[in-house]
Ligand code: HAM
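First, one chain by itself in structure tokens, the form predicted on its own.
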């Protein structure tokens, strides 16, 4: 027997769930556009070098999580594990930087792939939405990006959000801090997980993001980034926090927050979701300030700076469902037609097409049935109205229209039906 189950870490998105996914993405797109972002769609498949250059060899994404393989021409290609690298590659490929109108502001949505352990709202194939603001270095843009992330989640109905924020400083600050971390963990690394041994060699900042509970106590005693910040980076960080206060965006500082990709510097942030009982469900959105990606692709250094964020749609959906935020978001059927008798099927077929032309969703049975069965099916489909008629009603030019929510029924002249529906189904 062939294997017909989904591949581990993938899932089918069907009907009501798919409707809510579309809703999440439409809310995000509308909010992003209100901040001046334009839509960009990049390929799901890129040359592996795109992600090696963009994300850095020290990130877990590159070291352990990418789906990489050789194509038929023996070229190494990768299913995208995140959205930023593809956008940066597109900026270079299409010379989008050849404009005086900076910054470039793009939002994206699409399927993403990471080989990681599936858990609540996290899959190996998942949809990611995010923004990239490239080409201009400003604390105002940093704070604006954080605000866009928080307000998108608020528009989706989340009430109890916890914005965690930190700074990784400029390049010189980070290098000084990395040396301090190497010295600190060098005498403790034998007590830590195997991944942290590799992180110490490649990028000791990654140790701060270790998920192994036994390592947390050691991480808690590690040096703090703020003690190694240059005066310029400290001033920038404080200005960003002041702007968030100005925008009335609550936050808490977290000096262990580093994010999982090597291109981040200066401000980094995560938005956590808190249950009514006070439980932290973890980050549902994360991002920050970055630099150095475009020059890795051969781009101009003067615009090689950006800020962005991303969130997983599956993760957002799972928590919306957990907190009861998806009621009424699934698509509903406007009209279920109920032809009584064989002679009414053809006119029902024609009327259904006319109603769809007027902008309504309409379902037509293609063989005659009993009225009770029609109503049961209309209820299962979530129809708002039923239109009931047989041969006699059609000859007299009338139909019965029933509001299935209020359980009220009226006789309506067929010629007046469009106006009647316009008044009741706005």
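Numbering follows the first chain given and starts at 1. Please read all numbers here as calculations on a predicted model, not as lab measurements.
There is another form of the same protein, the form predicted in complex with this ligand; it is not shown, and what comes next is about it.
> Pick from 308 to 316, 172 to 180, 188 to 196, 240 to 248: which stretch has non-hydrogen atoms within 4.5 Å of this ligand in the predicted complex?
Partner-contacting stretch among the options: 308 to 316.
> Within 4.5 Å of this ligand in the predicted complex, do 82, 285 and 288 each have at least one heavy atom?
Spot residues vs this ligand: full contact, yes.
> What is the one choice in 228, 297, 123, 323 with a heavy atom within 4.5 Å of this ligand in the predicted complex?
Contact check passes for 123.
> Name the residue from 149, 338, 131, 273 that puts a heavy atom within 4.5 Å of this ligand in the predicted complex.
If I apply the 4.5 Å criterion carefully, the residue I get is 131.
> How about residue 263 - does it come within 4.5 Å of this ligand in the predicted complex, if we only consider non-hydrogen atoms?
Output for residue 263 is yes: heavy atoms within 4.5 Å of this ligand.
> Is there a heavy atom of residue 235 no more than 4.5 Å from a heavy atom of this ligand in the predicted complex?
So residue 235 does not count as contacting this ligand.
> Can any non-hydrogen atom of residue 106 be found within 4.5 angstroms of this ligand in the predicted complex?
Although this ligand is absent here, residue 106 would stay clear of it in the predicted complex, with no heavy atoms inside 4.5 Å.
> Does residue 116 make contact with this ligand in the predicted complex, using a 4.5 Å heavy atom cut-off?
Because a heavy atom of residue 116 falls inside 4.5 Å of this ligand in the predicted complex, the answer is yes.
> Given that the distance between the C-alpha atoms of residue 280 and residue 242 changes by 3 Å or more in the predicted complex, do they end up closer or farther than here?
Compared with this form, residue 280 and residue 242 lie farther apart in the predicted complex.
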